[in-house]
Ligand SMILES: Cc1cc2nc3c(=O)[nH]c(=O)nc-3n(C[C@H](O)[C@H](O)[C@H](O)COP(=O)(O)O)c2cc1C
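Next comes just one chain, in structure tokens: the form predicted alone.
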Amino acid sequence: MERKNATREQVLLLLEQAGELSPALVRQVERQTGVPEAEIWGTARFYSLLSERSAALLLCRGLTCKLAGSRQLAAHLEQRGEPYRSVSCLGQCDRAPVALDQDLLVRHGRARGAVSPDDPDLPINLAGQDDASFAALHRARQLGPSAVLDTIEASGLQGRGGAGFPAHAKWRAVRAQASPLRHVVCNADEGEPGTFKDREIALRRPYRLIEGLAIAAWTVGAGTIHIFVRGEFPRVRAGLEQAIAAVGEALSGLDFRFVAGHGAYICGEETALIQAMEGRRGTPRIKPPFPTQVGLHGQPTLVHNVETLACLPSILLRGGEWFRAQGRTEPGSKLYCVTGHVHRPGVYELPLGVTLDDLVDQAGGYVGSPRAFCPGGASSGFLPMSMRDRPLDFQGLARIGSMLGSAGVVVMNDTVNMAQAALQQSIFFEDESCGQCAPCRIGTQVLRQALARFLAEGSPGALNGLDSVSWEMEQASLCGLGMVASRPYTSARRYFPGDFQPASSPEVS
């Protein structure tokens, strides 16, 4: 039983600092925190960076790395006698194929991808000079909270983490709560395959992100800011810590705290992230109540991802209507990641609602004959090239059963078998399911097993019943992961039925 004064928040930190997981370590953490050993074991086993530590390299087996030659990299490592462990995704898709060392630094991989050229008229402008003047924070204080909220509403800013929820609505909900204790959480646990934009913001424009956090905290009345950084991004955390230390008086009155992720994609979901911050397994909570009402430690909490926060300084300095006008079909600019069969993978800031051809033109064009693309990472499924002229925006993609998500665009040419690609994404979702609800826990396993059996045996009968399983996952899963985990299979079979015939094509290389 947990002690009344248990310090659960320390569990993950103590496990991280101690090294190899062992019964002796778990007993020690129990003595230090008062959390029962069984719960400590369960928490530690949940996170891949805690449960499977070794000197082996981490080799990404995600779709983009497969397309870029992760099998060849694995063969190279085996030839050299370098031990490795395959993992779902490492957030370095622009550098594919990638392997990280035991310090979570890139050991094998290309240079970081390209970004849009320096343009001061871009709301975020990744290639621009970072600005530590904090003029936008000063402007927010001049306007007052009510006017800031009206400006954010006028901008039409939607959450850039995937859901696309209006930002001002979250802010107003937190500010309206009676509790005097409120929190702002920066979700920098960027885990969607094909996505690495938040990593680039934090590395290239840390002051812009920090200023956005300060504006949000001041407006909603929060004194504590928590930055939850993906565990595989040690350079991101180090850079942000250095930037905050250098700011000085501009941040007086704000308490910045860092929390490390430990290798769980599900913690990109805001309630699972809060669970992890409290030292628990990162399992989503039932909503309502929403974090804006009952969040971290049961107190009102505003959770935003990095890109959303990085938009705020420009909005405050140039106005909501200016930001809204930056979009093509929906408000604002958008950071689009693009990888796969393109010449220049990277992050490109473009008007929200551009087409795939517009984006790939920025990325140097297609490699080979394009066949399919994911508009928003693994969660968005696959679309055929006949839809290349559709706007890459939130509402339009939702209407055709896809999603923009975090805009992690992956392009595939005609060398790719889409049944194999669907299997690759299904492996990811099975690996990353938290296992809390049966539709997702069982469904992801059934999908992966059926696709693997079909590709091994060439029998369409192996896929019998998957449509029902997919429907049940979409309708009954507790959180978004289970709701979209079947989408790679259902979309691939819908748009590329020939790849689900008995004669299968070679495996994704």
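It should be emphasised that the depicted structure is a prediction, and the values quoted were computed from it without experimental measurement. Residue numbers run from 1 along the displayed sequence.
Just so you know, the form predicted in complex with this ligand exists too; it's not on screen, but the next bit is about it.
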**Q.** Which of 130 to 138, 182 to 190, 202 to 210, 417 to 425 sits within 4.5 Å of this ligand in the predicted bound form, heavy atom basis
**A.** 182 to 190
Q. What is the one choice in Gly408, Gly162, Gly263, Gly340 with a heavy atom within 4.5 Å of this ligand in the predicted bound form?
A. Gly162
Q. Looking at this ligand in the predicted bound form, do all three of Arg95, Pro345 and Gly365 come within 4.5 Å of it through at least one heavy atom?
A. no
Q | Val303 within 4.5 Å of this ligand in the predicted bound form, heavy atoms | A | yes
Q) Contact between Gly268 and this ligand in the predicted bound form at 4.5 Å, heavy atoms? A) yes
Q) Quick one: is Gly480 in contact with this ligand in the predicted bound form, heavy atoms, 4.5 Å cut-off? A) yes
Q) Is there any non-hydrogen atom of Lys170 lying within 4.5 Å of this ligand in the predicted bound form? A) yes
Q: Can you tell me which bits of 65 to 82 touch this ligand in the predicted bound form, meaning any heavy atom within 4.5 Å?
A: none
